[in-house]
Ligand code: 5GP
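Here's a solo chain for you in structure tokens, the form predicted on its own.
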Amino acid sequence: MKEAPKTALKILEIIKGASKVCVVGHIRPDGDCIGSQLALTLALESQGMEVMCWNQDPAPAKLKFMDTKGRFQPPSSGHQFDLVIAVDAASYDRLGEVAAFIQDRQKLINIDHHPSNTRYGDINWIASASASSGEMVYQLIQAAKWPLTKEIANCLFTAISTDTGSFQYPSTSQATFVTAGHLVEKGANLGMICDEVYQSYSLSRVRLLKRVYNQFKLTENNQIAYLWLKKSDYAKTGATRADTEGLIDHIRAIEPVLVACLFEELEPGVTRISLRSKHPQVDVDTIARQFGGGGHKAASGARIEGKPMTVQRRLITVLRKAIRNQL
């Protein structure tokens, strides 16, 4: 096992002195966020701590299999914490409504792998070379010599698999495969995880996917693919925002496409963008930061205020420039 960094060891020293802990993550949690939160919660509970696992939003239906005992909960008032640990949240704002419920704490630890992390914790462990926050939680558990149970292994394998595009993204390293292999050795159930995450879609999601294929557009010699999801799309398909996870990958996979963009209407005057890049020199993290967001070189996002078509024109202009500068 790779030696844990000094910051991780410092975090373990702080954890040893805590008895009541809250583990939090970002709004609209994905597999990495949920898996990391739950794995860390289970590991801390194994050490006799009282642990709460809070998120503003519920887990999507296809990821609820990780939460066998209902630990993943919305926040509630009236709690004091020795320690709050945020995982996979690049900024304090990304904690959403949870932030208001964790003010009464002694320390805040920030564990994340996003290069855009704003280092909002009292202690910040930011490892942008890690393919997922799940890898970091695994490293912490190993350094602490806490039990790596089958339930924890399932959570961490799901975290790593989902944030690497099932081990397809360039961020996947040799260490990622070594970690995943050890998790399988410790009992991660690949058959169940793959069935739940990748092969169990709701009918409403399939209806939404049909609209994706009918409505996406191409520009810049078919090198940019983009798509709008509007409230009417949800109303007509019966889908929810949880059904949008991974939809962008369907247009990203088109052979000539170098960058895919999903525009999502959140409310009047506010658009959420998701970006995916297949070109190593087209860094969508840098592009998202221009709009107040961030993420990774190959996957990032932002929320942008303004009229929808103005937002679209601004972003497509930046994407075109990025592609032309690299080709």
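Given the structure is predicted, the values throughout are model-derived calculations rather than measurements. Residues carry their position along the shown sequence, with the first being 1.
What comes next is about the form predicted in complex with the ligand, which is not displayed.
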query: Touches the ligand in the predicted complex: Gly293 (any heavy atom, 4.5 Å); finding: yes
query: Close approach of Leu229 to the ligand in the predicted complex, 4.5 Å, heavy atom; finding: no
query: Contact label in the predicted complex: Pro60 to the ligand, heavy atom within 4.5 Å; finding: no
query: Contact label in the predicted complex: Val84 to the ligand, heavy atom within 4.5 Å; finding: no
query: One residue of Val282, Leu44, Ala302, Cys53 in contact with the ligand, assessed in the predicted complex (non-hydrogen atom, 4.5 angstroms); finding: Ala302
query: Position in contact with the ligand when the complex is considered in the predicted complex, options Ala131, Ala180, Leu95, Ala90, heavy atoms within 4.5 Å; finding: Ala90
query: Partner contacts in the predicted complex for 262 to 276 (non-hydrogen atom within 4.5 angstroms of the ligand); finding: Arg272, Ser274, Arg276
